[in-house]
Ligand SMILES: Cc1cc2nc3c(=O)[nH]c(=O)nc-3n(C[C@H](O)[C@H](O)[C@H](O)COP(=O)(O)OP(=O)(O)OC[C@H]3O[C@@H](n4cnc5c(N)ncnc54)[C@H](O)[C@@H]3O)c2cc1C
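Only one chain is included here, represented as structure tokens and corresponding to the form predicted alone.
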Amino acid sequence: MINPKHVGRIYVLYGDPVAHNSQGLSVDSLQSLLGARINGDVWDGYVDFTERADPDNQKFIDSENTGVSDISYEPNVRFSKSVGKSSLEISMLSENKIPKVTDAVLFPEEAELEKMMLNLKNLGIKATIFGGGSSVTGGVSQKPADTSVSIDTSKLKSFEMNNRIAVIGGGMTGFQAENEAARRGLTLGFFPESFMHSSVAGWVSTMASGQESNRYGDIEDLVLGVEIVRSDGTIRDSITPRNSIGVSGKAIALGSEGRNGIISKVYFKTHKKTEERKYSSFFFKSFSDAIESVSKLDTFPDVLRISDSLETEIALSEAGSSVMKKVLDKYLGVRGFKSGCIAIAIDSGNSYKNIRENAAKISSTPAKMWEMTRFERPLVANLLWKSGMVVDTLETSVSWEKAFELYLKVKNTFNELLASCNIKGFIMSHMSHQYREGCCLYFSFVLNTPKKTEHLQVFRKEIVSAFLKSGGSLSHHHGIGTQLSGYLDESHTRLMEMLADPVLS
């Protein structure tokens, strides 16, 4: 007879399990859009985890067999390494749908990696890699193998400088690595919204992009090489400015989604910290005007973020009825920008001065406020989840000439789905990264529905389909994980399978 074992309550939302301070949030606007109170009293963000029995196959996963001295079989540790922060996972957990939990968690030292990977292959044990745990695409979800482990990379935290190149342990979080660079008067120049929690190797494996990519580039522009450990050996790129050696470790690490090997070290470009940052805010009459105007620029500010009218309305509603808000409303009304779109720019040069066509310059305060809170935005999602809502984000890359058409297609698709499902919700968007060829459009949406997971899957499927039908990419910087991999075409799927390590496939 199996005796179920109640492990306890485990927190599954973002950050620490504390109530988010809703003061300053545009609660009134959100309540109106969702037809429900936003007070965080529906769900506390915890799940009750009861394990039916200790996995029988744990006896094969010991230090002698794996070559790893630090192994955890604790149910709460195994659970925490088996789920990421994707909306589908959070939605299922909120409905008490518990996913497959890994059989053990390995915490290897760098010197143990090669032997561990070879041993796991010989034992027939499958593995997933756990970095910062911020995956929003199901990247750490356990696959239905008979025996599986999670490889936690938190012990891979070395940092050293090789001239101007930072050699960083793949398990370091962005926050930790940037602090090490800052101690030397340098910056890595890579600031994703998940900066506080995501790992440097995770940036590489998801082909990520940071908020200041207009200045420093995307991850493929900043990484010079890697060390990647596979079950058939280790590939070590040389620590040089550039290599012309055929296929490199960097080439198979970028976009590998944790399948091609363990990225143990990353060779990262560094930059001197800028002495001056200039903050500006603007208003465009419409999102289409903003896209048209920005598409004509030859250079872009370090950060240029343009919100559509709904995201603008919600952001400005946080100012309430303040004197500054009243003055701004009057000024914009006179200029004909009353229902427009706000743009914030942060620049270390003068590219911000080029944002003039069809735009009205306003106070620099919105840009400064955005920078102050840019890593706290997931906490706003916490409040909505705790209020019984479903929250998700999807992003795409699209050429300039197709950008507004794609935007309209996604909005119309979403609103048609709301009507057909007979639920309330809203979708808003902003442009977050710019290129001479096009931009990234980032969509955030919230649903008020009792069928959380069912409706979330429907909306995600149709939004992604709208991306692809409108000429957009599957993802710009989140990666594909397990949740979007089914949309890959046959040739890309075949390529991924060719490069995958048998332990991690």
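Remember, it's a predicted structure, so these values are computed and weren't measured experimentally. One-based numbering along the sequence shown.
Not pictured, yet referred to below: the form predicted in complex with the named molecule.
Just one of E178, E313, E292, E193 comes within 4.5 Å of the named molecule in the predicted complex, counting any heavy atom, and that one is E193. Out of the listed residues L188, V140, I346, L93, V140 is the one that sits within 4.5 Å of the named molecule in the predicted complex by at least one heavy atom. Partner proximity in the predicted complex, defined as non-hydrogen atoms within 4.5 angstroms of the named molecule, places exactly one of 461-469, 33-41, 474-482, 61-69 at the interface: 474-482. Proximity of P75 to the named molecule in the predicted complex falls outside the 4.5 Å heavy atom cutoff.
When contacts are judged by a 4.5 Å heavy atom cut-off, R230 does not count as touching the named molecule in the predicted complex. At a distance threshold of 4.5 angstroms between non-hydrogen atoms, E257 is in contact with the named molecule in the predicted complex. The closest non-hydrogen atom of P301 lies beyond 4.5 Å of the named molecule in the predicted complex. Residue K85 is the only one in 72-91 with at least one heavy atom within 4.5 Å of the named molecule in the predicted complex.
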